[in-house]
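Just one chain is shown here, as structure tokens, and it is the form predicted on its own.
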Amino acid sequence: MDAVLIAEAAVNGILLGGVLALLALGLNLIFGVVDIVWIAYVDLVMVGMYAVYWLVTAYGWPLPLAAVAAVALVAVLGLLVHLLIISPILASPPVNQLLATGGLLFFLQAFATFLWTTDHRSLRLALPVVEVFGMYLSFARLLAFTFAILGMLGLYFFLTRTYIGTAIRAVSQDREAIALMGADMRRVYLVTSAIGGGMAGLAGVLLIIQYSVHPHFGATFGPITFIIVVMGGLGNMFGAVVASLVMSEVISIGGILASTEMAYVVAFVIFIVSIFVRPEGILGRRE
């Protein structure tokens, strides 16, 4: 096997890992604060992808403006999900919460199919391929990775340098103590849901420049995103980033050495073994 080809696959794995990390961080943020796993989270990404696609192709918006609008739209959608679905069931058993967000998943898929059929739609951007040390890298992936890193840095500075960000981190560490100190939990939940939705929207923007969108797009990235979140440790931000890079490298390099299907099999095996060894996640805290 050509060493340059393997190196190219490794770099592509890192580039893919950046977007997967963005997805995992958004889902982890919501779980760590609200304590509910949004089964339909990646389907919010699909909504963001459709928003960019139609604004650019049907209405002629410039891509940067369409991207900002899509992020804002999905952030508002995240707010609505919390207000209409999550908030009424916060005190319900976990199975009811999973069923409610799972129902949202099927609703979004069915509604998107009703509106736009199951056709695959893509922007067909004329982006170049960059040659670096004999490796051919997609400029779209490089662009997506760059903005994914900027998005993660923006989240980090928001959580560490703002008052509401500090409150969000405090709630994720000890929600009972923060509630007793008089923190406005409803406000924290709303802001968290909006940020999580905004990150899903940003991921949608970064994915639509690389992939085609269709109503069942969530089935493509949904399972691997949940694997990354669990493998890294539920609520553990840094663990999600590490798990994203591990899984993306396995998929990318495995696809070159064997096949994409076998690479996913290996990724699932690694996930299962890691759960047996460290059920709390590779960087999760032991109880």
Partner chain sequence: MNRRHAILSLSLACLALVVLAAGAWMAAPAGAQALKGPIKIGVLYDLTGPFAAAGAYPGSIGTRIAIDMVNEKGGVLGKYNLQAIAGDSQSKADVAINEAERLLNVEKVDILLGIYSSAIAVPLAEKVDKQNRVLWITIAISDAVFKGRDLKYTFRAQVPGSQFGQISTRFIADYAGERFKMKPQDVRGAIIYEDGPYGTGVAASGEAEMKKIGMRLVLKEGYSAAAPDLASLVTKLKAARPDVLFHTGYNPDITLFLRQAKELGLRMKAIVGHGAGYGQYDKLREAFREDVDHIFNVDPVASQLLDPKKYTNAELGRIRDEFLARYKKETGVAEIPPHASMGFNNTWILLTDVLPRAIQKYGGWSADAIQKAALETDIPEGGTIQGYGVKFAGPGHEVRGQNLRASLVVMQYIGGKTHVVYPKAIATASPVLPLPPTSPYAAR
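Positions refer to the first chain, counted from 1. Owing to the predicted nature of the structure, the values given are computational and were not obtained by experimental measurement.
This protein has a second form, the form predicted together with its partner chain, left out of what is shown; the following refers to that one.
Asker: Scan A140, V205, L155, L73 and let me know which has any heavy atom within 4.5 Å of its partner chain in the predicted complex.
Answerer: Spelling it out, the residue with a heavy atom inside the cut-off is A140.
Asker: Counting only non-hydrogen atoms, which stretch in 65-73, 44-52, 240-248, 254-262 is within 4.5 Å of its partner chain in the predicted complex?
Answerer: Only one stretch passes the 4.5 Å heavy-atom test: 254-262.
Asker: Against its partner chain in the predicted complex, would V132 count as a contact residue? Criterion: heavy atoms within 4.5 Å.
Answerer: No, no contact at 4.5 Å.
Asker: Heavy atom to heavy atom, is Y211 within 4.5 Å of its partner chain in the predicted complex?
Answerer: The answer is yes: Y211 has a heavy atom within 4.5 Å of its partner chain.
Asker: Report whether the minimum heavy atom distance between L123 and its partner chain in the predicted complex is within 4.5 Å.
Answerer: The answer is yes: L123 has a heavy atom within 4.5 Å of its partner chain.
Asker: Are any of the heavy atoms in T146 no more than 4.5 Å from a heavy atom of its partner chain in the predicted complex?
Answerer: So T146 does not count as contacting its partner chain.
Asker: In sequence order, which positions of 2-19 have a non-hydrogen atom within 4.5 Å of its partner chain in the predicted complex?
Answerer: If the 4.5 Å heavy-atom criterion is applied to its partner chain in the predicted complex, 2-19 yields L5, E8, N12.
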